[in-house]
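Let's start with one chain on its own, the form predicted on its own, as structure tokens.
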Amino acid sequence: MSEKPAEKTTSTKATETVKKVRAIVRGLYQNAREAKEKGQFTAYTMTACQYEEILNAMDIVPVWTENYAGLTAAKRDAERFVLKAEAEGYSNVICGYVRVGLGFDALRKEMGKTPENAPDGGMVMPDLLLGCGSACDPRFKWYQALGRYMNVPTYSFDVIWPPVDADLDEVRNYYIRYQREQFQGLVDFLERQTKKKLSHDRLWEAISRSNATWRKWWEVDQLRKAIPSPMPTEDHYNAMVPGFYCCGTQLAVDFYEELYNEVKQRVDNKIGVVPEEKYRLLFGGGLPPWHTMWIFNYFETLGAVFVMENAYRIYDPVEVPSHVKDPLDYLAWRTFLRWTQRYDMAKKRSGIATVERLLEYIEDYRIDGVVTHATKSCRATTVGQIDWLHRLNEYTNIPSMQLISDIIDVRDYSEAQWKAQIDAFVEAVEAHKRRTAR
């Protein structure tokens, strides 16, 4: 199914602020190398694990392994790492992020050095491995499997939330207590390894900065409701970097302040992504195709702009009760509130919190069509997509489409097939708009 790739793999961005993210990404790996040289602790880490502020407060420099896998895919340099992992016995349906990471570390051990010409200089050998179960089983097992290639202390951190039909008043204290115990266990582990105590004052400072970051990012997305769209989904998948990977830093706060000002200026002056915005689309589920991000620009040649997305999403602001005075208690409360904030709406209607979020976006962003991305190696974001789309049809009749490939592995992508599917979908969106306009 694999074909010769197009020369361009990344997308053309609409905002100037987002174009600065590439330098931030390079800086992430450069910072880790410099920290290593200074004897500072570095840790392999995963996205959306809720422990970012703790690392910041303890001066532990994160190395974001999933982000690195996406970077190699965007550079069309993931294949050598994926093939190495498969040669080591790992299945080709295991998460693409995991296969890149395992392949990278297997090659480093085999060669005795960082693989040649690794994007952005590669990942440093970590001092700690901080696994996390917030999304899928590979996020627990990946770093444990790295024991084949390195002898590094590992901690598996758990993030859980209740089922949608749970009585939140009944289970809230249990889940928050459990989450607090997880944070305390992580802190105990980090203190043992680094011989350094966590400063609660510094943790509160990091929490304050991260809350300011997420709030401003959320405000940016409120601006994106404007017609024409001032900022598209392909920009979001770059703009996410400071929020997820620089969480708790002033850099992240400043980035979203700058992005907000630029997007606000575009809204005030009615500057859109394309000269004529005909169709407003929602990227409704699945992770993006990092190997072929230019596909968002292909939609735009047809007058279709992705104005909102449901992957690597920001957390809507939540209000932790004022009586919570301990920072680890605060993190536990905030985690619980973040994951359950649409449960009440789901109980009243669809029964699925994700569907409620999509319905909210469809209404607020005036969506004309929904696209999801089913990825061969990411069950966590693919399972349920068809059900979501069927549920959406109970409440809205806008067209939907599911594209199929992978987050990393370009062997599962067909440019000709995608373009034909997209052309037909945009025609369906146009026909639907004509029918509903009568």
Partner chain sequence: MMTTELKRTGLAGVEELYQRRGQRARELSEQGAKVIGYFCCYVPVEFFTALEMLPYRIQGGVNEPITEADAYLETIMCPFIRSAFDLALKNRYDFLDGLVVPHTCDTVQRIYDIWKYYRKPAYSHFINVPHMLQPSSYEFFKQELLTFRKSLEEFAGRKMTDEALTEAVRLHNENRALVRQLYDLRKPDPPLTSGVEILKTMVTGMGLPVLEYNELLRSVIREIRERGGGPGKKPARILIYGSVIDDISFIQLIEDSGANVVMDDLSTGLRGFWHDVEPTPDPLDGIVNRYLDKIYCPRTYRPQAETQEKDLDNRFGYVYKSAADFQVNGVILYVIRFCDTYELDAPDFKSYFQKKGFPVLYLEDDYSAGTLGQLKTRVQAFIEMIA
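Small disclaimer: the values here were computed from a predicted structure and weren't measured. Positions refer to the first chain, counted from 1.
Quick note: we don't show the form predicted in complex with its partner chain, though the next part is all about it.
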Which of 373-381, 62-70, 27-35, 45-53 lines the interface with its partner chain in the predicted complex (heavy atom within 4.5 Å): 373-381
Heavy atom within 4.5 Å of its partner chain in the predicted complex - the one residue of V187, C136, M125, A311 that qualifies: C136
Contact residue in the predicted complex, from Y260, W161, Y298, F244 (heavy atom within 4.5 Å of its partner chain): W161
All of A23, E116 and K195 within 4.5 Å of its partner chain in the predicted complex, heavy atom check: no
Contact flag, N269 vs its partner chain in the predicted complex, heavy atom cut 4.5 Å: no
V171, heavy atom within 4.5 angstroms of its partner chain in the predicted complex: yes
Proximity of Y90 to its partner chain in the predicted complex, heavy atoms at 4.5 Å: yes
Contact of P275 with its partner chain in the predicted complex (heavy atom, 4.5 Å): no
